[in-house]
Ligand code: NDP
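What follows is one chain in structure tokens, specifically the form predicted on its own.
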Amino acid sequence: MALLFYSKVDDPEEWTDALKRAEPALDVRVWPEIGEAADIDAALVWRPPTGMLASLPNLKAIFSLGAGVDHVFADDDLPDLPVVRLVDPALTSQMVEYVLLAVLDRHRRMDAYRAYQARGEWHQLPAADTGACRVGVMGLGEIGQAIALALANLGFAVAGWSRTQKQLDGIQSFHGAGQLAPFLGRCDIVACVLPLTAETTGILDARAFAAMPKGAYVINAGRGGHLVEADLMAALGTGHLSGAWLDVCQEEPLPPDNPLWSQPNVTITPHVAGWVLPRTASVQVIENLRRVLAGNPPHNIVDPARGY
């Protein structure tokens, strides 16, 4: 069995070692040194260039190097093959940690305390009332559900919004376009971990921000395409939004002259909320490759119509 590996951000040696530990007989080929293209059974990729996958005549499946697959479907010449996303427990844990970090930083007003420290001021703010803080999670897939439950376990008043109805103990559930505004209207902090699809592109826009209470705070750990940056800047400028925490941007890396960098109430991290770990995810890749070669459907296959 032969697997093509392509990524400009992941370490090919680390992935090759992990994959071969899971399956010593595996032939891992790292782009562009692929040898005979007809030998390759499957591809493990992050943001593959247009036409690369179509150039592999015997390709049987495409594995995303992440939970998201929008980077795969961005290929205009994508072959009609199963696209598989990774559901890695380690990635889910990292995403939970990241969103909790952002929520708690905002909830406990660490921005204010950092400013006080810079001025050498000892100043105590009123106690943060966790039970009165309304947090919303946009996207209730595996990652979103884990985030919502973790927040609820800390005592926050948590709601979730998703395309279709979900039922989670202790979580107020909203679904569909008709319930988006009511969901946003009850949120002091909104965390987006949606998949990027045609329906969710630009979902964090001026209309969404207007539906939020004055002083609301936005966290985007989904995709840069979810957020209309100009609308965010406008909502921050009027004071309707109190701030934002962004791990993803429309253009990555975020250009040095982008005005988001200079906003004192915006925290930016360089798309690091969650990484797929070769040590844990390689086992799933090998299992799915074996299933494909045996003529069975892989786990976590993506519905192209939905985009996830």
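Start at 1 and count along the sequence shown; that's the residue number. It should be emphasised that the depicted structure is a prediction, and the values quoted were computed from it without experimental measurement.
Just so it is clear, the following notes concern the form predicted in complex with the ligand, a form of the same protein that is not shown.
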Original post:
Quick one: is residue 260 in contact with the ligand in the predicted bound form, heavy atoms, 4.5 Å cut-off?
Top reply: no
Original post:
Quick one: is residue 266 in contact with the ligand in the predicted bound form, heavy atoms, 4.5 Å cut-off?
Top reply: no
Original post:
Is there a non-hydrogen atom of residue 142 within 4.5 angstroms of a non-hydrogen atom of the ligand in the predicted bound form?
Top reply: yes
**OP:** Evaluate residue 67 for contact with the ligand in the predicted bound form, applying a 4.5 angstroms cut-off between non-hydrogen atoms, and reply yes or no.
**Re:** yes
Original post:
Of the residues 153, 238, 124, 164, which one places a heavy atom within 4.5 Å of the ligand in the predicted bound form?
Top reply: 164
**OP:** Identify which of 244, 62, 281, 273 has a heavy atom within 4.5 Å of the ligand in the predicted bound form; exactly one of them does.
**Re:** 273
Original post:
Which one, 103 to 111, 164 to 172, 227 to 235, 116 to 124, holds residues whose non-hydrogen atoms are within 4.5 Å of the ligand in the predicted bound form?
Top reply: 164 to 172
**OP:** Just give me the residues of 222 to 256, first to last, that have a heavy atom within 4.5 Å of the ligand in the predicted bound form.
**Re:** 222, 223, 247, 248
